[in-house]
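Taking the form predicted alone, here's one chain by itself in structure tokens.
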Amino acid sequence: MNTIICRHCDLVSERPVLTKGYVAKCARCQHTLYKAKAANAKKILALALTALLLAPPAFSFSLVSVHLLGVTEQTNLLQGALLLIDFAPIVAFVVIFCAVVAPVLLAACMCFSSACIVLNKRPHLLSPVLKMTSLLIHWSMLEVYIVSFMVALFKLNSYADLYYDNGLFFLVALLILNMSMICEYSNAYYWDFFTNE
């Protein structure tokens, strides 16, 4: 029997057959169980590959140059996070994980699973990769870092001269790709594709 378990209240129910655009909700707590969404594996593969190519310059190129009292300082995302280690190591770890590690791992996992669909292969690593993808979607928070970064720039603007560097454009492009991948991806569709073949 094809069953599904609610992640919030653990109610076991029979998985309904849905047409595209409909949502299955838990009978007890009304949380969404899954959405009937057909993911475009080729599109996700292209987005994920592009995100993986953009990640190195986005994280290593300078984001902004700050000119204050005759001194100009440049920094990138990794340098900014590493500077926090001495003052707030937990915050530094969270920033590195949520803004660097999780987005890159998410793109790699989506690239791998989408390539498996496109090539119609099912390697042994597929099941853990799909599980990791469903976890990383919640931990990939590049947009939170960019919002906090822009708030910091807004506050610094009255004290120093700011010059935006190439790294910021790569980072914004990576953010757009990351959000597009998450919007296109359907974990239920990927599981169904491989279990029903």
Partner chain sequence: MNTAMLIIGTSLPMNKPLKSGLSAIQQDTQLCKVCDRASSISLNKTHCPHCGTPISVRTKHSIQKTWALLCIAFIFIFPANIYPITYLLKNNEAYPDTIFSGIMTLVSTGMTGIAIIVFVASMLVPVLKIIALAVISLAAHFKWKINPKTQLLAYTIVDWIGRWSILDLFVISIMMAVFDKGNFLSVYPGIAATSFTVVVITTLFAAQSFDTRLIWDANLDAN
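All of these numbers come straight from a predicted model, not from anything done at the bench. For the two forms, the rigid core is made up of the largest set of C-alpha atoms that agree within 1.5 Å on superposition. Residue numbers count along the first chain shown, from 1.
Below, we refer to the form predicted together with its partner chain, which is not included among the displayed structures.
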| property | result |
| --- | --- |
| Listed residue (23, 17, 183, 12) with a non-hydrogen atom within 4.5 angstroms of its partner chain in the model of the complex | 12 |
| Close approach of residue 159 to its partner chain in the model of the complex, 4.5 Å, heavy atom | yes |
| Any non-hydrogen atom of residue 154 within 4.5 angstroms of its partner chain in the model of the complex | yes |
| Its partner chain contact at residue 140 in the model of the complex, heavy atom, 4.5 Å | yes |
| Partner contact for residue 61 in the model of the complex: its partner chain, 4.5 angstroms, heavy atom | no |
| Residues from 87 to 103 in contact with its partner chain (non-hydrogen atom within 4.5 Å) in the model of the complex | 87, 88, 90, 91, 94, 95, 98, 99 |
| Residue 138 C-alpha shift between this form and the one not shown of 2 Å or more, rigid core reference | no |
| Displaced residue check between this form and the one not shown: residue 9, CA, 2 Å or over, core reference | yes |
| Core-superposed C-alpha of residue 28 shifting 2 Å or more between this form and the one not shown | yes |
